[in-house]
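Next up is one chain by itself, shown in structure tokens, the form predicted alone.
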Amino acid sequence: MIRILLYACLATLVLVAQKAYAGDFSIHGFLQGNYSLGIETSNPDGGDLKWAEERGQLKLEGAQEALRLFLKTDVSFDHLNENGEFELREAYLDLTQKRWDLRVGRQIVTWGLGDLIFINDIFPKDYEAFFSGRPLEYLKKGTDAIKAGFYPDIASFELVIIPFFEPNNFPDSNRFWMYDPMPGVTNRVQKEPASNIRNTEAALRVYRDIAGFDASIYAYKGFYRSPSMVPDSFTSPTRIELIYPELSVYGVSLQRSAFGGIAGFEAGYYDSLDDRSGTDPLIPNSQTRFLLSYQRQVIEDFSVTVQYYGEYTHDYAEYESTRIAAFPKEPRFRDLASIRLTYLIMHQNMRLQWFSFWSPVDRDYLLNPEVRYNFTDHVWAALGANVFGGKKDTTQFGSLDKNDNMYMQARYEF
């Protein structure tokens, strides 16, 4: 009900502002085809396609003095499920003043420094979109929120209030092979946090320049966006409840020019509020996570980005003594390295790109080569692949080993 009222208020504001905006609206969008074919084996449902859709997007934007209206809507047809969908990706109203601004509505918020590694960016993601070869913009999900910015001389402040919980989206089990510690239990219920004052999420970012560093500190109070499995019995489970434990995150990031490129550091402490002692085997233990990054243009039109990420689990002895044997054992320390190579050729109309993850601890990997060509200023197409692998089928990328795919994207923008 609260969400309906929020959109009703936004719609009312749109109608009230329409007359003033009438001559200032801009309309843009695209028509797109996106197809992904499995190249390792058939899907669990027997099909070969991971994704097959046509999609149209319409973006409307208008500004009048201190007000700005932005709408982004998608209409798509999914050939695998044979259904159409209307998606409101973003819909917000901005109010901007000299020392503060306010944004109300569905919006995409991006914090932190990571390239596909998220520490202080605790906002919802769509990993099915990423793993199936959809354009990268679809990795981020819109959040119904109120975002306020304050800009005194001492620093800049950004506060985000999220009244409606939105979980991460993971691959469809009909299209993707994934590890499941209890595959025989099909009776599963997802229990998301209720929309009330107590469960309202809040995130704060404070940032400014300090001695040449772009410095930020972060704080978040809310929930894990990946679910925890709670079976009704450890020996003979018949029902599983998927819950989202409470979480607080406290973090920092630093970035500055160094050695001809840009170096970055980011860290965050994940305070598992429902399991601070580390003795509940069904809830994640608290962790410290960090990221080191460096990006540089090596030669003209050729850039390199490298990252090293690590996460350290606290109260590990308690975790070992209480963990459930049916669930795979998590390491005390897990790390991940990535590299992105981007080369623009043919007057920058063709982009050759390589992105890869590799975990020394898990011994698994993701390889993502892609080539994109701009036929005109309005038409482009891309071909790429996602290749997964690992020593074990219980790790992040090892569990996706059967899901290698090739994808094609084609878009006409207007």
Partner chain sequence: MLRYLVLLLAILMPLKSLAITPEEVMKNSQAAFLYPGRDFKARVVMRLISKSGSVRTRELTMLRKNYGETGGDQKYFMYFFQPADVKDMTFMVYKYPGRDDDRWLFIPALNMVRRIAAQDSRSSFVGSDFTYEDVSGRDLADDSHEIVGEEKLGGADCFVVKSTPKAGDTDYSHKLSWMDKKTFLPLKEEYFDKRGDLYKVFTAEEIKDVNGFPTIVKRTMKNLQSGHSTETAFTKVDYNMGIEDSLFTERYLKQPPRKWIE
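Nothing here was measured: the structure is a model prediction, and the numbers come from that model. Residue numbers count along the first chain shown, from 1.
The form predicted together with its partner chain exists for this protein as well; it is not shown, and the discussion that follows is about that form.
Colleague: Heavy atoms within 4.5 Å of its partner chain in the predicted complex: which of the stretches 372-380, 353-361, 43-51, 385-393 has them?
Modeller: Heavy-atom contact with the partner occurs in 372-380.
Colleague: Which pick from S173, T279, N81, Q97 sits with a heavy atom within 4.5 Å of its partner chain in the predicted complex?
Modeller: None of the other options qualify; the answer is Q97.
Colleague: Only one of E241, D115, E246, D315 gets a heavy atom within 4.5 Å of its partner chain in the predicted complex. Which one?
Modeller: By the 4.5 Å criterion, the partner-contacting residue is D115.
Colleague: Mark G142 yes when one of its heavy atoms lies within 4.5 Å of a heavy atom of its partner chain in the predicted complex, and no otherwise.
Modeller: Judged by the heavy-atom cut-off of 4.5 Å, G142 is well away from its partner chain in the predicted complex.
Colleague: Is S226 close enough to its partner chain in the predicted complex to count, meaning some heavy atom within 4.5 Å?
Modeller: No, no contact at 4.5 Å.
Colleague: Would Y269 show up as a contact with its partner chain in the predicted complex if we use heavy atoms at 4.5 Å?
Modeller: Y269: no, not in contact with its partner chain in the predicted complex.
Colleague: Although its partner chain is absent from this view, report whether E137 comes within 4.5 Å of it in the predicted complex, heavy atoms only.
Modeller: E137: contacts its partner chain in the predicted complex.
Colleague: Its partner chain is absent from this chain, but in the predicted complex, do R289, E320 and R332 each have a non-hydrogen atom within 4.5 Å of it?
Modeller: Answer is no for this spot.
Colleague: Heavy atom within 4.5 Å of its partner chain in the predicted complex: which residues of 326-351 qualify?
Modeller: Heavy-atom contacts to its partner chain in the predicted complex: H347, Q348, N349.
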